[in-house]
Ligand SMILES: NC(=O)c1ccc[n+]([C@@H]2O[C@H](COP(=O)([O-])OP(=O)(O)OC[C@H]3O[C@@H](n4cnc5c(N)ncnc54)[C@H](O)[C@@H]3O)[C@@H](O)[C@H]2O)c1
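This document starts with one chain, in the form predicted alone, laid out as C-alpha cells.
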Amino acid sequence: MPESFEYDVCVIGGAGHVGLPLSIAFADKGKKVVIQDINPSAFSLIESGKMPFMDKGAEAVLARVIHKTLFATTDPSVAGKSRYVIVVIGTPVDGHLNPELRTLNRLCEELGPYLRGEQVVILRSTLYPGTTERFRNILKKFNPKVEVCFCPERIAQGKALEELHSLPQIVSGFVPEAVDKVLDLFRLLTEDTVTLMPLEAELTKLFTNSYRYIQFAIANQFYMIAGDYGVDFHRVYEAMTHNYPRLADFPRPGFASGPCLFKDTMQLSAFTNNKFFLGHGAMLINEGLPNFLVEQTKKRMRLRDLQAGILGMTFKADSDDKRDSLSYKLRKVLEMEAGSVHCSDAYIHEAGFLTEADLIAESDVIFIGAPHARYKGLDFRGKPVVDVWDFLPFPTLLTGAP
C-alpha cells in the first residue's frame, strides 16, 4: 500500500532566495508544501503574504497560496511527513577556498532519523562533485529505502519564480524510479527537462557558473589593460561588438560577485586539485577590480584628502541582495586610501548609509558600486564619478588617460 504523507513537499532552508520561490511555485500548482527553516524572523513576513526579498511576481503568488497550500515551520520533523524533501543548503567555501562540507554532513545526521518509507530527498543547491553520492550513502544508513536526487537550481537572482517556469530543469539520480518521480514533480513547472547522472549534473552547474565568471574576467582584464594605457575601454567595446554577431554575448566590465560565481569557481578548482588555472586567474582579476579602480582614481586626484562615496552596495543592479558584493570590498579599499567613505543603496539600508542626495552632497568623488536603474536620473552636481559599468549617460572619470 502506498505510503501516506501529510505534505507533498518539504523545503529545508526554504525561507531563502532559492527555497522560497520554489516553494511558492509548487504550492501554486496545488502541491501541499511546507517550508522548514531555522530563520523564524522571515516567517512573520512570509505568513503575512510578504516576500522577505525582491523577486519579480513572487509576492502576488505568495499571498495567494500562504495558509492554503503553503505553510512554514521551524520543526524539523516535517521532513518525515513529506513525500519529497528538497534541501537548498549548499556547500560554501572556507577561508582557504576549499569546499566546507560540515553543514551538509550535519544535516544528514539531523534529517536521517525523520525519514520513513520510500521518500525522495532532492538536493537543490550547488554541490561539490560527489556530494550527492556521499549524502545518499549517509541517509541510507538511516533508511535503506530512501533515494537521493540532485536537481540544481539555475535561476537568476530576482527572477526565480519567472525562470522556474521558463528554464529547463535538470534532474539526476541513481535509480530510474526515483528520477521518474522527480521528473513528474518538476514537470509541474516545465515540460523542458534534462536527465543526467549526479556527477554530470554537479559538474554541469559548476561549469556553467565558472564559465560565466571567466567571461566577466575577460571583460574586466581587457578593461584594466585599456585603463593602464589610457584608453577608454568602452569605446573599444562598442567597436568590438557593433554589428558583430560573434561577440553578441561578450559582457561589459563590472563587479562579478554574488553568492554563486566566485564560490562555484573555487569549488571546481578544489575538485581539480587546484589545476583549474583559468578559474584562479578569473578570481584574481575579478576580485582585483575594486583595487584597480581605486589605484586609477589615485592617479587622477589626491584621494587621501577627499571624501569618497559608493552608490549601490548590492551585488548586482536592481536587487536587494548584498551577499558577497564587491561594493563592500571597494569600501574596505577606500577606507584605507580615501579621507572618508560614504555608502548608499536604493534597496538596502544599514546603519550609517546616506540617502542618495546626501551622499552626492558629501562626496568629492563617487563610485558606482551597483548600477541601479534609478541612479541614471540623479544630479551628480558635476562631481567626478567612477563608473566601471559605463552605465551613466555622461563621461566619467576613468574614460581616458590620467
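Residue positions are given as counts along the sequence shown, with the first one as 1. Fair warning: this is a prediction, and the values are worked out from it, not measured in the lab.
FYI, the form predicted in complex with the ligand isn't displayed, but the following is about it.
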Proximity to the ligand in the predicted complex, single hit among 91, 325, 297, 269 (heavy atom within 4.5 Å)
91
State the residue from 236, 107, 188, 101 whose non-hydrogen atoms include one within 4.5 Å of the ligand in the predicted complex.
107
Looking at 210 to 218, 125 to 133, 275 to 283, 243 to 251, which lies within 4.5 angstroms of the ligand in the predicted complex, counting heavy atoms?
125 to 133
Could you confirm whether residue 181 comes within 4.5 Å of the ligand in the predicted complex, counting heavy atoms only?
no
Whether residue 115 contacts the ligand in the predicted complex should be assessed with a 4.5 Å heavy atom distance threshold; does it?
no
Taking heavy atoms only, is residue 340 within 4.5 angstroms of the ligand in the predicted complex?
no
So, in the predicted complex, is residue 169 in contact with the ligand at a 4.5 angstroms heavy atom limit?
no
Hey, with the ligand in the predicted complex, do 15, 18 and 155 all fall inside the 4.5 Å heavy atom range?
yes
Residue by residue through 20 to 42, which ones have a non-hydrogen atom no more than 4.5 angstroms from the ligand in the predicted complex?
36, 37, 38, 39
